[in-house]
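The chain that follows stands alone, in the form predicted alone, written as C-alpha coordinates.
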Amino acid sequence: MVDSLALDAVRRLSTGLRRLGDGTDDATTRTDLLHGAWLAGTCLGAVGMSLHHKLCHTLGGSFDLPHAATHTVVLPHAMAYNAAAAPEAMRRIADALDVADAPSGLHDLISRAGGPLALRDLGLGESDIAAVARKAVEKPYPNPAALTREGIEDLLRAAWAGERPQAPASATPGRITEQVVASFAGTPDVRLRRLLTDLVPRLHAFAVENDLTQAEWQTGMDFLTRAGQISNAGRQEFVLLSDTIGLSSVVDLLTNSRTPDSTPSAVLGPFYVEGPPELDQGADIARGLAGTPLYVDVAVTGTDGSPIADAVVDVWQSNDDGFYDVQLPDLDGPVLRGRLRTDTEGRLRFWSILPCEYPIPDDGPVGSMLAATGRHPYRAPHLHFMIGATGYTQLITQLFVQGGEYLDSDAVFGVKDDLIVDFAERSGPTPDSRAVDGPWRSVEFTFRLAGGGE
(Lines give C-alpha, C1' and ligand atoms only; values in the text may rest on other atoms or scores of the structure.)
Protein backbone atom coordinates (compact mmCIF):
# COMPACT_ATOMS: atom_id res chain seq x y z
CA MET A 1 0.00 0.00 0.00
CA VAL A 2 2.83 2.39 0.86
CA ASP A 3 4.50 1.60 -2.47
CA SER A 4 1.29 2.48 -4.31
CA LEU A 5 0.95 5.78 -2.44
CA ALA A 6 4.61 6.62 -3.08
CA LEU A 7 4.40 5.98 -6.82
CA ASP A 8 1.21 8.04 -7.04
CA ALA A 9 3.05 10.83 -5.23
CA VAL A 10 5.97 10.62 -7.67
CA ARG A 11 3.63 10.82 -10.64
CA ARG A 12 1.67 13.80 -9.29
CA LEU A 13 4.74 15.73 -8.13
CA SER A 14 6.67 15.17 -11.37
CA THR A 15 3.66 16.18 -13.47
CA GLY A 16 3.15 19.34 -11.43
CA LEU A 17 6.84 20.28 -11.48
CA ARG A 18 7.00 19.86 -15.24
CA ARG A 19 4.02 22.17 -15.63
CA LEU A 20 5.67 24.76 -13.40
CA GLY A 21 8.88 24.45 -15.39
CA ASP A 22 6.92 25.05 -18.58
CA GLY A 23 5.31 28.17 -17.11
CA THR A 24 1.91 26.69 -16.22
CA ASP A 25 1.07 27.87 -12.71
CA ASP A 26 -2.64 27.34 -12.15
CA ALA A 27 -4.99 25.76 -9.62
CA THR A 28 -4.81 22.33 -11.26
CA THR A 29 -1.00 22.30 -11.11
CA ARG A 30 -0.92 23.42 -7.48
CA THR A 31 -3.62 20.90 -6.57
CA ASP A 32 -1.59 18.04 -8.03
CA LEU A 33 1.52 19.22 -6.18
CA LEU A 34 -0.30 19.52 -2.85
CA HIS A 35 -1.96 16.12 -3.38
CA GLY A 36 1.42 14.55 -4.18
CA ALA A 37 3.07 16.23 -1.19
CA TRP A 38 0.36 14.93 1.17
CA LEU A 39 0.76 11.39 -0.21
CA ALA A 40 4.54 11.59 0.17
CA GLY A 41 4.23 12.79 3.75
CA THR A 42 1.89 9.90 4.51
CA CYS A 43 4.53 7.48 3.20
CA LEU A 44 7.27 9.05 5.36
CA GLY A 45 5.12 8.44 8.43
CA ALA A 46 4.84 4.73 7.66
CA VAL A 47 8.45 3.69 6.93
CA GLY A 48 11.98 4.08 8.27
CA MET A 49 14.59 6.51 6.92
CA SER A 50 17.93 5.75 5.30
CA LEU A 51 20.87 7.53 3.66
CA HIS A 52 19.03 10.48 2.11
CA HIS A 53 17.41 11.68 5.32
CA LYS A 54 20.54 11.00 7.36
CA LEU A 55 22.63 13.21 5.08
CA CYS A 56 20.05 15.99 4.90
CA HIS A 57 19.53 16.11 8.66
CA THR A 58 23.30 16.23 9.16
CA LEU A 59 23.64 19.04 6.61
CA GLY A 60 20.74 20.97 8.11
CA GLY A 61 21.45 20.36 11.81
CA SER A 62 25.23 20.71 11.79
CA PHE A 63 25.83 23.11 8.88
CA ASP A 64 22.62 25.18 8.95
CA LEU A 65 21.59 24.42 5.34
CA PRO A 66 17.93 25.08 4.38
CA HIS A 67 15.82 21.96 4.88
CA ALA A 68 13.73 21.68 1.68
CA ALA A 69 16.44 22.86 -0.71
CA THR A 70 18.98 20.47 0.83
CA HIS A 71 16.63 17.52 0.38
CA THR A 72 16.09 18.56 -3.24
CA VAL A 73 19.81 18.68 -4.06
CA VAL A 74 20.78 15.46 -2.28
CA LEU A 75 17.90 13.19 -3.34
CA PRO A 76 19.06 12.34 -6.93
CA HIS A 77 22.57 11.57 -5.65
CA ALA A 78 21.32 9.40 -2.77
CA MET A 79 19.20 7.52 -5.31
CA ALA A 80 22.23 6.99 -7.56
CA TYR A 81 24.19 5.65 -4.57
CA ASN A 82 21.48 3.06 -3.87
CA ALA A 83 20.46 2.32 -7.47
CA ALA A 84 22.52 -0.86 -7.94
CA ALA A 85 21.21 -2.27 -4.65
CA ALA A 86 17.55 -1.47 -5.37
CA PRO A 87 17.06 -1.94 -9.13
CA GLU A 88 13.37 -2.87 -8.96
CA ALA A 89 12.50 0.21 -6.89
CA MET A 90 14.48 2.40 -9.30
CA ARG A 91 12.70 0.87 -12.27
CA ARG A 92 9.29 1.62 -10.79
CA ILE A 93 10.32 5.18 -9.91
CA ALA A 94 11.67 5.69 -13.44
CA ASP A 95 8.35 4.47 -14.85
CA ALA A 96 6.44 6.87 -12.61
CA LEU A 97 8.73 9.73 -13.67
CA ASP A 98 8.42 8.60 -17.31
CA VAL A 99 12.21 8.57 -17.74
CA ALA A 100 14.78 5.91 -18.58
CA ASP A 101 16.85 6.28 -15.39
CA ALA A 102 15.43 7.44 -12.04
CA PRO A 103 18.38 9.38 -10.47
CA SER A 104 19.40 11.33 -13.57
CA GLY A 105 15.74 11.75 -14.58
CA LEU A 106 14.94 13.35 -11.19
CA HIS A 107 17.96 15.66 -11.50
CA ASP A 108 16.70 16.77 -14.92
CA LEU A 109 13.21 17.36 -13.50
CA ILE A 110 14.58 19.59 -10.72
CA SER A 111 16.56 21.56 -13.28
CA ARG A 112 13.50 21.95 -15.52
CA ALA A 113 11.42 23.19 -12.59
CA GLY A 114 14.09 25.72 -11.59
CA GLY A 115 15.04 24.00 -8.34
CA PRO A 116 18.46 24.03 -6.59
CA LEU A 117 21.08 21.60 -7.91
CA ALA A 118 24.29 22.24 -5.91
CA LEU A 119 25.10 22.22 -2.18
CA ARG A 120 27.71 24.93 -2.72
CA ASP A 121 24.90 27.27 -3.71
CA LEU A 122 23.22 26.54 -0.36
CA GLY A 123 26.26 27.50 1.70
CA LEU A 124 28.19 24.24 2.20
CA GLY A 125 31.96 24.61 1.97
CA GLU A 126 33.92 22.00 0.03
CA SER A 127 36.11 21.52 3.10
CA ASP A 128 33.03 20.40 5.07
CA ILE A 129 32.40 17.33 2.90
CA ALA A 130 34.66 15.00 4.88
CA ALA A 131 33.02 15.94 8.18
CA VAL A 132 29.52 15.31 6.78
CA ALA A 133 30.59 11.89 5.48
CA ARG A 134 32.14 11.00 8.85
CA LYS A 135 28.95 11.87 10.71
CA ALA A 136 26.86 9.90 8.18
CA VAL A 137 28.60 6.62 9.03
CA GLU A 138 29.04 7.08 12.79
CA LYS A 139 25.94 5.04 13.67
CA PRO A 140 24.51 2.15 11.64
CA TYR A 141 21.03 2.48 10.06
CA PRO A 142 19.13 0.57 7.37
CA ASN A 143 20.10 1.33 3.77
CA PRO A 144 19.92 -0.70 0.52
CA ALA A 145 23.61 -0.22 -0.36
CA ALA A 146 26.53 -0.67 2.03
CA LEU A 147 27.55 2.64 3.64
CA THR A 148 31.20 3.60 3.21
CA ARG A 149 32.83 6.89 4.06
CA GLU A 150 34.58 7.04 0.69
CA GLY A 151 31.36 6.36 -1.20
CA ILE A 152 29.44 9.03 0.69
CA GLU A 153 32.24 11.56 0.16
CA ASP A 154 31.98 10.93 -3.60
CA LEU A 155 28.20 11.40 -3.37
CA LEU A 156 28.58 14.69 -1.51
CA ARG A 157 31.22 16.04 -3.91
CA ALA A 158 28.90 15.41 -6.85
CA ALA A 159 26.01 17.07 -4.97
CA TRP A 160 28.24 19.97 -3.90
CA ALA A 161 29.26 20.63 -7.51
CA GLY A 162 25.74 20.13 -8.89
CA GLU A 163 26.80 17.33 -11.24
CA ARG A 164 24.20 15.24 -13.04
CA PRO A 165 24.30 11.83 -11.29
CA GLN A 166 25.50 8.90 -13.34
CA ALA A 167 23.74 5.69 -12.34
CA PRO A 168 25.82 2.49 -12.00
CA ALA A 169 25.95 0.31 -15.11
CA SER A 170 23.71 -2.29 -13.46
CA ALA A 171 20.97 0.34 -13.16
CA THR A 172 20.98 1.69 -16.73
CA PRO A 173 19.23 -0.87 -18.97
CA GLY A 174 16.52 1.71 -19.50
CA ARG A 175 18.97 4.01 -21.26
CA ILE A 176 20.00 1.18 -23.60
CA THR A 177 16.34 0.48 -24.33
CA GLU A 178 15.80 4.18 -25.02
CA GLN A 179 18.72 4.27 -27.46
CA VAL A 180 17.62 1.14 -29.32
CA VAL A 181 14.04 2.40 -29.68
CA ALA A 182 15.35 5.76 -30.89
CA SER A 183 17.40 4.00 -33.57
CA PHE A 184 14.16 2.87 -35.24
CA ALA A 185 12.76 6.40 -35.51
CA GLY A 186 13.66 6.68 -39.19
CA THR A 187 12.06 3.38 -40.25
CA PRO A 188 10.02 4.25 -43.38
CA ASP A 189 7.45 1.49 -42.90
CA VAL A 190 5.10 2.76 -40.18
CA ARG A 191 3.87 -0.70 -39.19
CA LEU A 192 7.42 -2.08 -38.94
CA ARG A 193 8.48 0.89 -36.82
CA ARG A 194 5.55 0.34 -34.47
CA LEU A 195 6.25 -3.38 -34.08
CA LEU A 196 9.97 -2.92 -33.40
CA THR A 197 9.55 -0.03 -30.97
CA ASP A 198 7.03 -2.11 -29.02
CA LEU A 199 8.96 -5.38 -29.17
CA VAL A 200 12.32 -4.09 -27.89
CA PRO A 201 11.06 -2.61 -24.59
CA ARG A 202 9.14 -5.82 -23.87
CA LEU A 203 12.22 -7.98 -24.51
CA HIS A 204 14.44 -5.71 -22.42
CA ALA A 205 11.86 -5.64 -19.61
CA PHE A 206 11.75 -9.45 -19.65
CA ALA A 207 15.54 -9.52 -19.18
CA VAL A 208 15.50 -6.90 -16.41
CA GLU A 209 12.50 -8.18 -14.47
CA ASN A 210 13.84 -11.74 -14.48
CA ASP A 211 17.43 -10.64 -13.80
CA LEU A 212 18.52 -12.65 -16.85
CA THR A 213 22.04 -14.02 -16.50
CA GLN A 214 24.69 -14.21 -19.22
CA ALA A 215 24.51 -18.02 -19.07
CA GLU A 216 20.73 -18.00 -19.51
CA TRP A 217 21.00 -15.55 -22.41
CA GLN A 218 23.63 -17.77 -24.05
CA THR A 219 21.40 -20.82 -23.60
CA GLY A 220 18.63 -18.95 -25.40
CA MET A 221 20.96 -17.95 -28.25
CA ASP A 222 22.16 -21.55 -28.58
CA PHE A 223 18.53 -22.73 -28.64
CA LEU A 224 17.66 -20.38 -31.52
CA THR A 225 20.87 -21.25 -33.37
CA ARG A 226 20.05 -24.97 -33.20
CA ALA A 227 16.51 -24.24 -34.36
CA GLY A 228 17.92 -22.56 -37.45
CA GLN A 229 20.48 -25.28 -38.12
CA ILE A 230 17.92 -28.10 -37.99
CA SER A 231 15.40 -26.31 -40.23
CA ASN A 232 15.21 -27.25 -43.91
CA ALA A 233 12.69 -27.64 -46.73
CA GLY A 234 11.03 -30.53 -44.91
CA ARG A 235 11.19 -29.20 -41.37
CA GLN A 236 10.61 -25.72 -39.96
CA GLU A 237 11.73 -25.69 -36.33
CA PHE A 238 10.84 -22.03 -35.80
CA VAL A 239 7.24 -22.65 -36.86
CA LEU A 240 7.26 -25.64 -34.52
CA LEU A 241 8.51 -23.41 -31.71
CA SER A 242 5.82 -20.84 -32.45
CA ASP A 243 3.22 -23.61 -32.46
CA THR A 244 4.28 -25.17 -29.16
CA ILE A 245 4.25 -21.89 -27.23
CA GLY A 246 0.82 -21.05 -28.61
CA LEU A 247 1.94 -18.01 -30.60
CA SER A 248 0.75 -19.49 -33.90
CA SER A 249 -2.72 -20.07 -32.46
CA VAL A 250 -2.85 -16.53 -31.02
CA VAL A 251 -1.87 -14.97 -34.38
CA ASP A 252 -4.35 -17.26 -36.14
CA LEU A 253 -7.10 -16.11 -33.79
CA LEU A 254 -6.20 -12.43 -34.30
CA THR A 255 -5.96 -12.75 -38.08
CA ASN A 256 -8.81 -15.14 -38.79
CA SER A 257 -12.02 -16.41 -37.17
CA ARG A 258 -13.38 -12.87 -37.09
CA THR A 259 -16.76 -13.78 -38.63
CA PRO A 260 -19.04 -15.71 -36.24
CA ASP A 261 -20.85 -17.40 -39.14
CA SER A 262 -17.69 -18.66 -40.89
CA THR A 263 -15.81 -21.87 -40.10
CA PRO A 264 -13.13 -21.40 -37.42
CA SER A 265 -9.56 -21.34 -38.63
CA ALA A 266 -6.63 -23.33 -37.27
CA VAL A 267 -2.84 -23.13 -37.47
CA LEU A 268 -1.07 -23.84 -40.75
CA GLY A 269 1.55 -26.03 -39.11
CA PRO A 270 5.12 -26.67 -40.28
CA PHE A 271 4.36 -29.32 -42.92
CA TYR A 272 2.44 -27.40 -45.58
CA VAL A 273 4.19 -27.43 -48.97
CA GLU A 274 3.48 -24.87 -51.69
CA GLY A 275 2.19 -26.23 -54.99
CA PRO A 276 0.80 -29.64 -54.06
CA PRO A 277 -0.12 -31.99 -56.95
CA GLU A 278 -3.39 -31.21 -58.78
CA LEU A 279 -5.86 -34.08 -58.35
CA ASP A 280 -9.30 -34.90 -59.70
CA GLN A 281 -12.46 -35.37 -57.66
CA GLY A 282 -12.59 -38.85 -56.15
CA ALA A 283 -8.80 -39.26 -56.11
CA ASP A 284 -7.04 -41.21 -53.38
CA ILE A 285 -4.42 -38.91 -51.84
CA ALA A 286 -3.03 -41.86 -49.83
CA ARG A 287 -1.89 -43.58 -53.03
CA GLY A 288 -2.18 -47.03 -51.46
CA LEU A 289 -0.47 -46.28 -48.14
CA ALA A 290 -1.52 -48.48 -45.22
CA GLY A 291 -4.28 -47.25 -42.95
CA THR A 292 -8.04 -47.29 -42.42
CA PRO A 293 -9.65 -46.01 -45.65
CA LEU A 294 -11.38 -42.65 -45.24
CA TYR A 295 -14.00 -41.17 -47.56
CA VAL A 296 -14.12 -37.38 -47.35
CA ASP A 297 -17.29 -35.61 -48.51
CA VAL A 298 -17.22 -31.88 -47.84
CA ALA A 299 -18.98 -28.80 -49.12
CA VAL A 300 -17.71 -25.24 -49.46
CA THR A 301 -20.25 -22.42 -49.13
CA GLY A 302 -20.53 -18.77 -48.21
CA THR A 303 -21.84 -17.80 -44.79
CA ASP A 304 -25.30 -17.60 -46.35
CA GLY A 305 -25.12 -21.24 -47.41
CA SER A 306 -24.68 -20.57 -51.13
CA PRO A 307 -22.34 -23.13 -52.75
CA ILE A 308 -18.93 -21.98 -53.97
CA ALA A 309 -17.94 -23.67 -57.23
CA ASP A 310 -14.32 -24.08 -58.34
CA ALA A 311 -12.91 -23.33 -54.88
CA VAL A 312 -9.26 -24.41 -54.60
CA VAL A 313 -8.82 -26.84 -51.72
CA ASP A 314 -5.38 -27.97 -50.55
CA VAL A 315 -5.41 -30.98 -48.22
CA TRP A 316 -2.58 -32.69 -46.35
CA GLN A 317 -2.12 -35.07 -43.43
CA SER A 318 0.26 -37.56 -41.80
CA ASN A 319 0.45 -41.26 -42.54
CA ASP A 320 -0.66 -44.09 -40.27
CA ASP A 321 2.66 -43.89 -38.38
CA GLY A 322 2.36 -40.17 -37.74
CA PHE A 323 4.77 -38.89 -40.41
CA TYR A 324 4.22 -36.40 -43.21
CA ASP A 325 5.68 -37.15 -46.63
CA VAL A 326 8.31 -34.41 -46.26
CA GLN A 327 9.66 -36.32 -43.27
CA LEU A 328 10.12 -39.46 -45.37
CA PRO A 329 12.74 -38.81 -48.07
CA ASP A 330 12.46 -42.35 -49.45
CA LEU A 331 8.90 -41.77 -50.68
CA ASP A 332 8.44 -41.35 -54.41
CA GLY A 333 6.88 -37.89 -54.69
CA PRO A 334 4.13 -36.17 -52.67
CA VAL A 335 1.63 -38.36 -50.88
CA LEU A 336 -1.26 -37.66 -48.50
CA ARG A 337 -1.50 -34.16 -49.92
CA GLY A 338 -3.07 -32.65 -53.00
CA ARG A 339 -4.94 -29.73 -54.56
CA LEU A 340 -8.54 -30.32 -55.60
CA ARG A 341 -11.43 -28.13 -56.76
CA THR A 342 -15.08 -28.10 -55.76
CA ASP A 343 -17.71 -28.97 -58.37
CA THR A 344 -20.57 -26.74 -59.50
CA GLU A 345 -22.46 -27.53 -56.30
CA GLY A 346 -19.51 -26.63 -54.10
CA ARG A 347 -18.89 -30.31 -53.24
CA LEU A 348 -15.58 -32.09 -52.92
CA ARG A 349 -15.05 -35.83 -52.49
CA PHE A 350 -11.82 -37.78 -52.18
CA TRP A 351 -10.29 -40.78 -50.45
CA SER A 352 -7.53 -40.84 -47.85
CA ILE A 353 -6.77 -42.74 -44.67
CA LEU A 354 -7.95 -42.07 -41.11
CA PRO A 355 -5.65 -39.51 -39.43
CA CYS A 356 -3.98 -40.67 -36.23
CA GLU A 357 -2.35 -38.87 -33.34
CA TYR A 358 1.35 -38.27 -33.81
CA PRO A 359 4.28 -36.62 -32.06
CA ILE A 360 5.66 -33.41 -33.53
CA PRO A 361 9.40 -33.73 -34.25
CA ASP A 362 10.97 -33.82 -30.80
CA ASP A 363 14.59 -34.61 -31.63
CA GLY A 364 15.55 -30.93 -31.81
CA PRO A 365 15.54 -27.89 -29.52
CA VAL A 366 11.73 -27.71 -29.38
CA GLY A 367 11.63 -31.32 -28.19
CA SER A 368 14.21 -30.42 -25.52
CA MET A 369 11.97 -27.58 -24.35
CA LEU A 370 8.96 -29.89 -24.10
CA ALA A 371 10.96 -32.46 -22.15
CA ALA A 372 12.33 -29.81 -19.79
CA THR A 373 8.81 -28.59 -19.03
CA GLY A 374 7.26 -32.04 -18.67
CA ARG A 375 5.02 -31.69 -21.72
CA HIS A 376 4.20 -34.40 -24.28
CA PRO A 377 4.81 -33.76 -28.01
CA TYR A 378 1.58 -35.25 -29.39
CA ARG A 379 -0.96 -33.69 -31.71
CA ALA A 380 -4.58 -34.80 -31.78
CA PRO A 381 -5.49 -36.62 -35.05
CA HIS A 382 -6.55 -34.18 -37.77
CA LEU A 383 -6.84 -33.45 -41.47
CA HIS A 384 -5.58 -30.11 -42.87
CA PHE A 385 -7.50 -27.89 -45.29
CA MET A 386 -6.59 -24.65 -47.06
CA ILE A 387 -9.52 -23.26 -49.05
CA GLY A 388 -9.49 -20.27 -51.36
CA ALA A 389 -12.07 -18.79 -53.74
CA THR A 390 -12.44 -15.48 -55.56
CA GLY A 391 -14.35 -12.98 -53.44
CA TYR A 392 -13.88 -14.92 -50.21
CA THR A 393 -11.37 -14.83 -47.35
CA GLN A 394 -8.96 -17.76 -47.47
CA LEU A 395 -9.63 -20.38 -44.81
CA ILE A 396 -6.86 -22.45 -43.22
CA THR A 397 -8.27 -25.01 -40.83
CA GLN A 398 -8.22 -28.60 -39.59
CA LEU A 399 -10.84 -31.27 -38.90
CA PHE A 400 -10.17 -33.26 -35.70
CA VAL A 401 -11.28 -36.85 -35.17
CA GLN A 402 -13.97 -37.05 -32.53
CA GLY A 403 -12.85 -39.37 -29.74
CA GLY A 404 -9.21 -39.08 -30.79
CA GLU A 405 -6.32 -38.89 -28.36
CA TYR A 406 -4.94 -35.57 -27.03
CA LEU A 407 -7.93 -33.43 -27.99
CA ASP A 408 -7.67 -31.77 -24.59
CA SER A 409 -3.87 -31.42 -24.58
CA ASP A 410 -2.85 -30.84 -28.20
CA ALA A 411 0.84 -29.93 -28.25
CA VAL A 412 0.27 -26.82 -30.38
CA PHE A 413 -3.01 -25.67 -28.78
CA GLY A 414 -4.77 -25.96 -32.15
CA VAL A 415 -8.00 -27.81 -31.27
CA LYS A 416 -11.29 -25.91 -31.43
CA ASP A 417 -14.55 -27.51 -30.38
CA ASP A 418 -16.35 -26.60 -33.63
CA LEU A 419 -13.68 -28.48 -35.60
CA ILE A 420 -14.06 -31.81 -33.75
CA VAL A 421 -16.00 -33.98 -36.19
CA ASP A 422 -17.37 -37.50 -36.28
CA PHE A 423 -15.26 -39.68 -38.56
CA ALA A 424 -18.00 -42.31 -38.70
CA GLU A 425 -17.23 -46.04 -38.80
CA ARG A 426 -18.61 -47.75 -41.92
CA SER A 427 -18.66 -51.14 -43.57
CA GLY A 428 -20.00 -52.50 -46.82
CA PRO A 429 -20.57 -50.54 -50.07
CA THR A 430 -18.97 -47.11 -50.45
CA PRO A 431 -20.65 -43.98 -51.92
CA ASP A 432 -18.66 -44.19 -55.13
CA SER A 433 -18.78 -48.02 -55.34
CA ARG A 434 -15.07 -48.31 -54.64
CA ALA A 435 -14.06 -51.77 -53.47
CA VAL A 436 -12.86 -51.60 -49.87
CA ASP A 437 -11.72 -54.69 -48.01
CA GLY A 438 -12.93 -54.36 -44.43
CA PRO A 439 -14.24 -51.39 -42.39
CA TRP A 440 -13.75 -47.80 -43.48
CA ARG A 441 -14.52 -44.33 -42.20
CA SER A 442 -16.31 -41.32 -43.61
CA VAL A 443 -16.41 -37.66 -42.68
CA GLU A 444 -18.85 -35.01 -43.84
CA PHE A 445 -18.46 -31.29 -43.20
CA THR A 446 -19.48 -27.92 -44.62
CA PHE A 447 -16.86 -25.18 -44.70
CA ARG A 448 -18.37 -21.69 -44.59
CA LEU A 449 -16.14 -18.96 -46.03
CA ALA A 450 -16.42 -15.28 -45.13
CA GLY A 451 -16.81 -12.88 -48.01
CA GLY A 452 -14.49 -10.02 -48.88
CA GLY A 453 -11.24 -11.85 -49.70
CA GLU A 454 -8.97 -11.32 -52.69
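Note that residue numbering begins at 1 and tracks the sequence as displayed. Because the structure is predicted, anything quoted here is derived from the model rather than measured.
The next section is about a form of this same protein that is not shown, the form predicted in complex with benzoic acid (BEZ).
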Go through 380 to 388, 273 to 281, 120 to 128, 104 to 112 and give me the stretch that gets within 4.5 Å of benzoic acid (BEZ) in the model of the complex, heavy atoms only. 380 to 388
Find out whether any non-hydrogen atom of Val412 is located within 4.5 angstroms of benzoic acid (BEZ) in the model of the complex, and reply yes or no. yes
Give a yes or no for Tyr324: in the model of the complex, does one of its heavy atoms lie within 4.5 Å of a heavy atom belonging to benzoic acid (BEZ)? yes
Taking heavy atoms only, is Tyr295 within 4.5 angstroms of benzoic acid (BEZ) in the model of the complex? no
Taking heavy atoms and a 4.5 Å cut-off, does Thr70 contact benzoic acid (BEZ) in the model of the complex? no
Taking 4.5 Å between heavy atoms as the contact cutoff, choose which of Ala94, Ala311, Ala80, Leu240 touches benzoic acid (BEZ) in the model of the complex. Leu240
Heavy atom within 4.5 Å of benzoic acid (BEZ) in the model of the complex, from candidates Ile353, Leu340, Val267, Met90, belongs to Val267
Taking heavy atoms and a 4.5 Å limit, what residues of 274 to 297 are near benzoic acid (BEZ) in the model of the complex? none
